[in-house]
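Single chain ahead, written as structure tokens, the form predicted alone.
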């Protein structure tokens, strides 16, 4: 059985010295909130996937972002009885006023503080990723 694999970026910006995170609301299922992420295509690296998915889902290109490759979080869980790995890296939006352009996969987006983000995302593992990311950003 092949392990499902996905990757994405925890997009953040600094506004009035506060860290805000970009969350996207899916247009399918129960409309959950998530950072941009997606499945790794054959022959694609995890980072290539994270960049492609961020551009497809939020309209943000690699040159709009400062990716912190020295910090990464891996999540491991099961989807339909198959193991899945999701990898995230933090990425700062260089221009905090740059417009987000959603794809048809999402119906809304929000820039939110850590506490607001943890209330919007439903899963404890992604809440943990966001908290670890914030601790890393504040310490570096």
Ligand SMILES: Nc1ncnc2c1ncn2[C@@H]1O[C@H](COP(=O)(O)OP(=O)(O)OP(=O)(O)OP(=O)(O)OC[C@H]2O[C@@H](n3cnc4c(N)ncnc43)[C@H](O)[C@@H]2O)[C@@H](O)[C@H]1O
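Residue numbers count along the first chain shown, from 1. In this text, all values refer to a predicted model and were calculated from it rather than measured experimentally.
The discussion below concerns the form predicted in complex with this ligand, not included here.
**Student:** Contact with this ligand in the model of the complex for residue 26, defined as at least one heavy atom pair within 4.5 Å: yes or no?
**Tutor:** Residue 26: contacts this ligand in the model of the complex.
**Student:** Given that the partner is absent here, does residue 53 sit within 4.5 Å of this ligand in the model of the complex, heavy atoms only?
**Tutor:** Residue 53 belongs to the contact set for this ligand.
**Student:** Taking heavy atoms only, is residue 34 within 4.5 angstroms of this ligand in the model of the complex?
**Tutor:** Yes - in the model of the complex, heavy atoms of residue 34 and this ligand come within 4.5 Å of each other.
**Student:** Does this ligand come within 4.5 Å of any heavy atom of residue 98 in the model of the complex?
**Tutor:** Answer no; every heavy atom of residue 98 is more than 4.5 Å from this ligand in the model of the complex.
**Student:** Would all three of 30, 75 and 123 be in contact with this ligand in the model of the complex, where contact means some heavy atom lies within 4.5 Å?
**Tutor:** The answer is yes: all three residues contact the partner (heavy atom, 4.5 Å cut-off).
**Student:** Of the options 83, 59, 38, 62, which one has a non-hydrogen atom that comes within 4.5 Å of this ligand in the model of the complex?
**Tutor:** Comparing distances to this ligand in the model of the complex, the residue within 4.5 Å is 38.
**Student:** Which among 75-83, 62-70, 90-98, 110-118 is in contact with this ligand in the model of the complex, heavy atoms within 4.5 angstroms?
**Tutor:** Result of the contact check: 75-83.
**Student:** Using the arrangement in the model of the complex, list in sequence order the residues of 99-118 with any heavy atom within 4.5 angstroms of this ligand.
**Tutor:** Sequence-ordered list has one entry, 105.
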